[in-house]
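So this one's two forms of a single chain, laid out as structure tokens and tagged structure 1 and structure 2.
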Structure 1
Amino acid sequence: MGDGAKSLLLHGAILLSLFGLQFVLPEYHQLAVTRILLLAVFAMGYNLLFGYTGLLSLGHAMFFGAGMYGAGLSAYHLGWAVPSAMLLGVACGALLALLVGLVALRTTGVAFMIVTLMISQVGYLATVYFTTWTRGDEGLVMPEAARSFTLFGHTWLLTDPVTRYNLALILLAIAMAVLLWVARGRFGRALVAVRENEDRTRMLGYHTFVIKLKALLLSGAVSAAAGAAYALMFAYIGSSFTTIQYSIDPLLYTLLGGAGTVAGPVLGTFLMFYLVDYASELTNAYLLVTGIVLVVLVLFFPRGILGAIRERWLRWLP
């Protein structure tokens, strides 16, 4: 069996397992896993930029927020249907990524981190300042009209936990398919070349600025799709989703699961979410417990869990 077939089989098995999981999960965990699936899409978008291209961003919350506010405000204030609002949210994230890329990608290393962080903070302050539209930290609760839509002759109710779960899984499957296509294609190899040695890649005739801009554009669009879906499925948008914490979270998910692997962010999101969830039940110092566990994992799995597995056993893992 070729490496491509193995990869498709593995990721297909992951999606099939997640689909079957909904039939055995209690109500609380079904809701939790729905959130995890959307956050995993966010982390997968981040991983495309960090894991494959080697660009460490500290401002990815702005793309998640662009999708959330693009979809949420159009549904809340303009009465747009869910599919149209979703598409607008993704477009807002892609447009923001294009504009940010034209500025931030002129820097590298630490400077790139600082620039993305500063621009993200501007986005956060904008959500707090324009309270007439956003209501700042208080946020907005989506109207009832934004809780259902008709598509392909079927009415989808976003108040139904099963519907939310399966729509989140569909979004994850789409993101996974796109990233698999990128990782195994010529563009993905160009991204890895930029990550490993940008100067040499440029000497070979590649326009590295354009390559990085395309990576940021796709990364922003995927992250915005997660934010738009989160707003519409859970009927709430607020400025807390654009804070620095939401830029650090996908970085932790990616590092834990394995940067530069398609399924790594999914595994990392599951582990981190439940690690925080269970630790918070045991002690108020749950962040300390979480930090200790993360330090231990990084010491023994410096490339992340799936990164270590690929390095030692499954060399074909994308």
Structure 2
Amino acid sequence: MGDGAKSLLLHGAILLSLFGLQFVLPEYHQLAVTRILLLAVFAMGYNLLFGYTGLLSLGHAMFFGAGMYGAGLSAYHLGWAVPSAMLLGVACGALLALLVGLVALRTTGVAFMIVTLMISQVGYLATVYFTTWTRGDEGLVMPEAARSFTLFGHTWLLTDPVTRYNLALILLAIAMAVLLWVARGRFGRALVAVRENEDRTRMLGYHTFVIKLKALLLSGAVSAAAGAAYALMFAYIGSSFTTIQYSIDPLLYTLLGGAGTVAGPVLGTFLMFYLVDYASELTNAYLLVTGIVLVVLVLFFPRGILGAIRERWLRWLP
């Protein structure tokens, strides 16, 4: 069996088991996994830039936020239906990524991290500043009309946990397909080439700035899709979702699961979510777990779980 077939089989199996999971999970975990799936999409978007292109952003909360506010504000103020609000959210994320990319991609390494961090901080302040529309930190609750939508002749109730779970799973499947396509295709190889040696890639005749910009665009759009879905499914938008915590989380999920692997961020999100959920039963300082995991990862497992597995056993893992 070729590597391509193996990887398709593996990721198909992952999606299938996630689909099957909803029939065996107790109610609370079904709700929790819905959140995890969306956060995993966010992490996959992040991974596209960090894992494959080698650009470490500390400001991805702004893309998550762009999706959240793009979708949420249009649904709240303009009464847009859920599918169009969702698309607008994704478009907002892509547009923001384009604008940020034109500026921030002129830097690399540490400077890129700080620039993205700062721009994201501006985004947070903007959600507070334009309080007439956003209600700032207090945020907005999605209207009744945005809790269901009709598509393909079927009315989908966002208040229904099973619908939500499967919509989140569909989004994850789309993100996974995009990532697989990137990872295995020409574009993905160009990204990795930029990551490994940008100067050499440029000398080989690639326009590395454009490659990086495309990666950021795609990454921003996927992250925004997660944000938009999070707003629409859980019916709330607020500025706390644009704080730095939401820039660090996808980094953490990606590092834990394995940067530069398609399924790594999903695994990382699962583990971290339950680790924090469990830790909060033992201690008030549940974020302590986040800190310890970060340090341990950097020290002992810099490639994350799937990264280590790929190194040792499954060389074909995309």
Partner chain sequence: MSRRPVNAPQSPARRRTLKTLGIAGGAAATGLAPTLFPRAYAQSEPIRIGAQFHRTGIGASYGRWYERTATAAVKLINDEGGINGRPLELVVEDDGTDPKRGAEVVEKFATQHKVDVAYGTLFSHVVIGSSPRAGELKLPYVVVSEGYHVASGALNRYVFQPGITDVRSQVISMAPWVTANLGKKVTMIFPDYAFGHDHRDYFSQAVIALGGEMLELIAIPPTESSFTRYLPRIPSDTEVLYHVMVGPGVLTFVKELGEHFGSNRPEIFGFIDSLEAVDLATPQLEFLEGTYFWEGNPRYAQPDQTEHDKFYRAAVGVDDNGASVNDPKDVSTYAHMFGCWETLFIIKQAMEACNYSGPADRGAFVEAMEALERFEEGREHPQGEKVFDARIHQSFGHQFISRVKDSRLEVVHRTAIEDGLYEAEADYTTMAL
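Throughout, rigid core stands for the largest set of C-alpha atoms superposing within 1.5 Å between the two forms. All residue numbers here follow the sequence of structure 1, with the first residue given the number 1. Fair warning: this is a prediction, and the values are worked out from it, not measured in the lab.
Comparing the two isolated chains, structure 1 is the one taken from the form predicted alone; structure 2 is not. After superposition on the rigid core, the Cα atom of Val289 is displaced by 2 Å or more between structure 1 and structure 2.
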